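One chain comes next, on its own, written as structure tokens: the form predicted on its own.
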């Protein structure tokens, strides 16, 4: 992978995370000049990143206004989550990768982070852990098309959780999340990626119902 590709991926991941963690709330106008200066890059590669984020539904360009952060549409969220439920299950059956000692060590590190979060609940830390854990789950399948569409759909609605948490019990959500990770650890220790995928599907379904 070329250096330019790596820089593109890192910049895309950073801006996407800022949008999904509400560092850039909906309707925020992003300045190309300010971002180019912050990241020490020219505007050409930056525009490529912004174009990709727009294609993913996280930004929109308005003539005479600029590039703005979008908001999550409730109707769209329901449709996206319905599809995510089906894709979560497929992750355990389409080209599952072997459960290696490295995978188990990663899983254990997530459990430790979940334990620390439960001890000191914090909404942004929960959202960051959820994003990282989602990436870990996708790493268990060797199907690139499934990874790509699952990632795209996840980030399209990732902000809804931080917007919903004022109306939810954060400590309870942290406990539920930790329970999911512990169940998944048990499944992976048995080498059962299909069971791990079903656990993920069940918890996505329950999360949607709690947010609703």
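Because the structure is predicted, anything quoted here is derived from the model rather than measured. Just so we're on the same page, rigid core means the largest C-alpha set that superposes within 1.5 Å between forms. Residue numbers count along the first chain shown, from 1.
Another form, the form predicted in complex with another copy of the chain, is not on view; read the next lines as being about it.
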Quiz item: Counting only non-hydrogen atoms and a 4.5 angstroms cut-off, does residue 75 reach another copy of the chain in the predicted complex?
Solution: no
Quiz item: Taking 4.5 angstroms as the cut-off for heavy atoms, does residue 28 touch another copy of the chain in the predicted complex?
Solution: no
Practice problem: Flag residue 186 as yes or no: does it have a non-hydrogen atom within 4.5 angstroms of any non-hydrogen atom of another copy of the chain in the predicted complex? | Solution: no
Quiz item: Does at least one non-hydrogen atom of residue 145 fall within 4.5 angstroms of another copy of the chain in the predicted complex?
Solution: yes
Practice problem: Counting only non-hydrogen atoms, choose the one of 79 to 87, 114 to 122, 98 to 106, 128 to 136 that falls within 4.5 Å of another copy of the chain in the predicted complex. | Solution: 79 to 87
Quiz item: Just one of 168, 149, 171, 162 has a heavy atom within 4.5 Å of another copy of the chain in the predicted complex. Which one?
Solution: 149
Exercise. May I ask you to choose, among 51, 68, 35, 176, the residue with a heavy atom within 4.5 Å of another copy of the chain in the predicted complex?
Key: 51
Quiz item: Is every one of 55, 94 and 156 in contact with another copy of the chain in the predicted complex, taking contact as a heavy atom within 4.5 Å?
Solution: yes
Quiz item: With the core lined up, does the C-alpha of residue 86 move 2 Å or more between this form and the one not shown?
Solution: no
Self-check item: Core-aligned C-alpha movement of residue 76 between this form and the one not shown reaching 2 Å
Solution: yes
